[in-house]
Ligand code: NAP
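For reference, the chain that follows is the form predicted alone, supplied as structure tokens.
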Amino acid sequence: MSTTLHPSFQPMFDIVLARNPGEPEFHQAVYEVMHSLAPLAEERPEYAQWSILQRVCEPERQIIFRVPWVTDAGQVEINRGFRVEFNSALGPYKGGLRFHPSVNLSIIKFLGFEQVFKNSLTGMPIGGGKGGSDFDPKGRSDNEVMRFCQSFMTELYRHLGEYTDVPAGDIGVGAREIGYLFGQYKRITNRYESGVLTGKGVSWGGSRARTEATGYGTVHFAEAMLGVHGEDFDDRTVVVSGSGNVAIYAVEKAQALGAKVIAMSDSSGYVVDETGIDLEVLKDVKEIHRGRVADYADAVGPRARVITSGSIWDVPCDIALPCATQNELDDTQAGTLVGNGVRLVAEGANMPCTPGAVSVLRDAGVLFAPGKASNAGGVATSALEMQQNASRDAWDFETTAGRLQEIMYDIHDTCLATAEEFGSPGDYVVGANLAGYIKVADAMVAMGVI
């Protein structure tokens, strides 16, 4: 697989490097998309005329702000808040908020850039953005999390609106945090604007199946990929990295399709359960008690073992679902997966595979699903939540889950057809990047220089 850019794109990438120094994650995301766009250099000259690629790489708005808050001990803490409103050609900015110590401008920009094309692929009328803070909710009391969220929203609210920018959750931002954020927004604005945040509780404007959507969507996409080759999940051995929302519900859907999930991880290590992960125990440990994978092993007894060295990708499997965080699977680990006979890798997190890992997997003929396609189930269901809020309606679980499955299969078919159209049959990376980009670019051409 070539790793060089089309000659007409290299100067643009050099500008991105110069304008955004010290932002390696953003550089990586931009390069990965640019690398797939070579067919458009000759076939869509109007994009160059309108400088579409340069404009896509420059966020429409970048907001950085101070977030002061008070601990339970009375200590004033200061964190940094971000919201990057990347592109609104297809609709209001849409993308999650991440609360994690690793959050910086580069990570938020890479996530926002990816979100533009991911949202485009859903077929829903939503643009792309991302936000968050370097605040760590782990180990904080509910009152401390509430005070932080209220301070964060006191600044961010002025930039939001159901027709402007609609955040959701991400790492470190779950139902608790969304509740505190929405409450403060409502308090400040004196409006019950349900569509301004997604991931809300079902009893106050949320959508059924939203919690499950990203994990379910990843497995649906992988299921569609296998189906092209007359295969399915039944009796497959699966390894899932992470043990948060995405990972848990990827496990749930994979098990429902007949797979055996034998390993999961968190920041403390990974657990191997050759008999198959006990989903109910996992949910109790992670969702109720906020515990570690070692607590899962303690709960199920000697059938499971905890490993704190090496990598979860050392565990042999048929299907690997990286669902933890960016750049968690490198080229060496990809080589181990290939050597152990992996058939399919589908990204449940945002850009969890390094460029080297992607090259190893694709060169080895492993079916590979990029996150901007296979991770799109969460934002697609968020858009369905916005739709329900706009119509003052609430759908049952089966209706929303059915729509989610249709959307993921449509994304799969779009990626496959686009890759075929542009001379890269079966290449989901090329198909996802081209299909997502073309839709955004056509809208930008139509709207003029703005």
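The model shown is predicted, which means the values in this text are computed figures rather than measured ones. Numbering starts at 1 and runs along the sequence shown.
Another form, the form predicted in complex with this ligand, is not on view; read the next lines as being about it.
- Of the candidates G91, G172, G81, G205, G172 is the one whose heavy atoms come within 4.5 Å of this ligand in the predicted bound form; the others do not.
- This chain lacks the partner; the member of E85, E223, D266, D295 within 4.5 angstroms of this ligand in the predicted bound form by a non-hydrogen atom is D266.
- Heavy atoms within 4.5 Å of this ligand in the predicted bound form map, among the stretches 277 to 285, 347 to 355, 232 to 240, 185 to 193, onto 347 to 355 alone.
- Taking the partner from the other structure, this ligand in the predicted bound form has no heavy atom within 4.5 Å of any heavy atom of R305.
- In the predicted bound form, V246 approaches this ligand with a heavy atom inside 4.5 Å.
- Contact check for H159: every heavy atom lies farther than 4.5 Å from this ligand in the predicted bound form.
- Contact check for A324: a heavy atom falls within 4.5 Å of this ligand in the predicted bound form.
- Contacts between stretch 97 to 121 and this ligand, counted in the predicted bound form as any heavy atom lying within 4.5 Å, involve R98, H100, L111, K118, listed in sequence order.
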